[in-house]
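Starting off, we have a lone chain in the form predicted on its own, written out as structure tokens.
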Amino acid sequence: MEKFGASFLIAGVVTFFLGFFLQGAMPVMTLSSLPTQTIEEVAQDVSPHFVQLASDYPEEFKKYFGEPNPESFAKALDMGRDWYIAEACWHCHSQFVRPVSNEDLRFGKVSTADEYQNELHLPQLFGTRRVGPDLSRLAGKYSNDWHAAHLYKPTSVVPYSVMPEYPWYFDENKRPNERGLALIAYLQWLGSWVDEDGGGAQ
């Protein structure tokens, strides 16, 4: 019996390390050599929605971000992504259109690996739930004002929404503050890399 026990122990240890290498170490070794765009590189192509944000909320925008340029866009994207994670938006919203259940008909073309090769998608926010719609094709589907209203009181624009309200993203005049502007900029950036023929928010 001791021989069998020792054999099972050795087999278990070997299997553990083999699994760790194949499923843990090998993907890291393989993917670490792929180029990953920095936030600054992504922000070189300033979104028209970000420029519009400066027009929609001129005083607030100038106070927090100055002018709509690559530097301020990078700052807004970085901050917006961080608040998106902090508020756990990814618990209810996926950012990965899967090739199942006609998701491409609802949210745009199926996601591809090259879309996630930048710092704004690290850590990955694929998500698995569909409490809310997938957001990976969100860019341009709604206006900046719609996003502001949706964050302040979701049911004002989507009556059946179960999303909580986020009044702390607004000042005493109910205008977006720095965090609110940054989150709107980030949401409007999602999917902006997809051309019209390649799919988009449905």
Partner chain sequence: MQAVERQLVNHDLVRFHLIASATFMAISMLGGLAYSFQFNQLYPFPGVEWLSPGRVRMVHTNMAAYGFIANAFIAGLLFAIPRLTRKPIFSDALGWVIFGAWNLIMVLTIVGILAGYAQAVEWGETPIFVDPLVMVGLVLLVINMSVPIFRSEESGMYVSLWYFLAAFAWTGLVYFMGNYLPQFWVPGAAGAAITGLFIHDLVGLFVTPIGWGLMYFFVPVLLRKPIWSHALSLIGFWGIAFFYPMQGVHHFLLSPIPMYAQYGAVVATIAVEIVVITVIVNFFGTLHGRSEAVRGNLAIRWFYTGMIMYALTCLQCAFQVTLTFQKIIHFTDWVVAHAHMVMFGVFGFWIFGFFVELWPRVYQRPWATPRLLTAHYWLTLIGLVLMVVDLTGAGLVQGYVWRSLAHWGDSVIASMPFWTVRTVSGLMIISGQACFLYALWATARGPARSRDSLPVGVATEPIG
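Numbering follows the first chain given and starts at 1. For clarity, every value in this text was computed on a predicted model and none was experimentally measured.
Beyond the structure shown, there is the form predicted in complex with the partner chain, which is absent from this document and is the topic of what follows.
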Quiz prompt | Heavy atom distance at most 4.5 Å to the partner chain in the predicted bound form, all of D45, P48 and F65 | solution = no
Quiz item: Would F17 count as a contact of the partner chain in the predicted bound form, using a 4.5 angstroms cut-off between non-hydrogen atoms?
Solution: yes
Quiz item: Does at least one non-hydrogen atom of E87 fall within 4.5 angstroms of the partner chain in the predicted bound form?
Solution: yes
Quiz prompt | Contact test in the predicted bound form: W146 vs the partner chain, heavy atoms, 4.5 Å | solution = no
Quiz item: Even though the partner chain is not shown here, does Y166 get within 4.5 Å of it in the predicted bound form, heavy atoms only?
Solution: yes
Quiz item: Of 126-144, which residues get within 4.5 Å of the partner chain in the predicted bound form if you count heavy atoms?
Solution: F126, G127, T128, R129, R130, V131, G132, P133
